[in-house]
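Heads up, the chain below is alone and in the form predicted on its own; it's given as structure tokens.
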Amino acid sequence: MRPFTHPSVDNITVEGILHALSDPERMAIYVGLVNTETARSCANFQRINERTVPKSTLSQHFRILREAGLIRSERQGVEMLNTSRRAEVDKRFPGLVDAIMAAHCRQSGKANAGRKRGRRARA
């Protein structure tokens, strides 16, 4: 098997990041990886947004995220373990990932749910 290639930090582009995260399934995968400290296998993401994702599609999603420089993938036996490269991306583009994640939360309604609870508590 061919080893995975990961772009150097200097070769990560805003356009590549935005393209990679423009797909809702890839965004869900990235959110799942950013929000954990441990490496996760592809099998952890076979169900995304209440839908079973075919393995071939999942492989394509991970390839796009990897080529954009958002994740690092390493084979361990028959599994592929994935981790976020957020710290590296944050050094290259400070605040970009935070802004994308905040927009994703607003869009998915998670931020609004928190605000609604806060308003009720004050009323």
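Predicted model, so just to flag it, every value in this text is computed and none were measured. Position 1 is the first residue in the sequence shown; the rest follow in order.
Quick note: we don't show the form predicted together with a further copy of the same chain, though the next part is all about it.
Asker: Can you tell me which of 52-60, 91-99, 72-80, 33-41 lies within 4.5 Å of a further copy of the same chain in the predicted bound form, counting heavy atoms only?
Answerer: Contact-bearing stretch, as computed: 91-99.
Asker: Give a yes/no on whether A28 approaches a further copy of the same chain to within 4.5 Å in the predicted bound form, heavy atoms considered.
Answerer: Contact check for A28: no, nothing within 4.5 Å of a further copy of the same chain in the predicted bound form.
Asker: If we check a further copy of the same chain in the predicted bound form, which of the residues in 13-33 reach within 4.5 angstroms of it by a non-hydrogen atom?
Answerer: The stretch 13-33, when checked against a further copy of the same chain in the predicted bound form, contributes T13, V14, E15, L18, H19, L21, S22, P24, M27 at the 4.5 Å heavy-atom cut-off.
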